[in-house]
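Just the one chain here, the form predicted alone, laid out as structure tokens.
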């Protein structure tokens, strides 16, 4: 019987590896943190707020995101958008993702035939 805790940990590791790509994929237009969480959730991708906000700050510090504050509402919101470097990085990560998917599909399909 499979250890459910171990399985959950491994699934978590797999998901963490995709979070950057998921976030970058949704920032072609301005999003603030909560709207990004909602957008990802609507598309079936769940990221905890405690994971997303540090990730956004890190991506911004790496020059992959631009941000600006909107203070016109009652609650100021920090909006994020891909920078030019972020767009380039996203395009490269998509290519790499597609390669990884093809490689793993090939391995998994090969394992089924044995």
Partner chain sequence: MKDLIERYVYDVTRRLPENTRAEVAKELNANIGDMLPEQPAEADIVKVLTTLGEPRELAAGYRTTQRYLISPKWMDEYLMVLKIVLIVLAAISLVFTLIETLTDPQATTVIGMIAEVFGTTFSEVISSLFHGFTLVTLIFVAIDHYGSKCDKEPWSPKSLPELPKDNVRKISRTESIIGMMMATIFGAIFAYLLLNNQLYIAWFDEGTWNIGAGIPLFNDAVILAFLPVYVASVVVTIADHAVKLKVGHWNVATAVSHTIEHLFSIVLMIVFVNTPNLLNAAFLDHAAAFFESPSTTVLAEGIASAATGIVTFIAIFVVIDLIVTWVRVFRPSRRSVK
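Only a predicted model underlies this, so the values are computations on that prediction, with no experimental measurement involved. Residue numbers count along the first chain shown, from 1.
The form predicted in complex with its partner chain is left out here; the points below concern that form.
Using a 4.5 angstroms limit between non-hydrogen atoms, residue 43 is distant from its partner chain in the predicted bound form. Under a 4.5 angstroms non-hydrogen atom cutoff, its partner chain in the predicted bound form lacks residue 66 among its neighbouring residues. For the chain shown alone, residue 39 is not a contact residue for its partner chain in the predicted bound form, no non-hydrogen atom being within 4.5 angstroms. At the 4.5 Å threshold, heavy atoms of residue 28 stay clear of its partner chain in the predicted bound form, well away from it.
Taking a 4.5 Å heavy atom cutoff to its partner chain in the predicted bound form, the contacting residues in 75-98 are 75, 76, 77, 78, 80.
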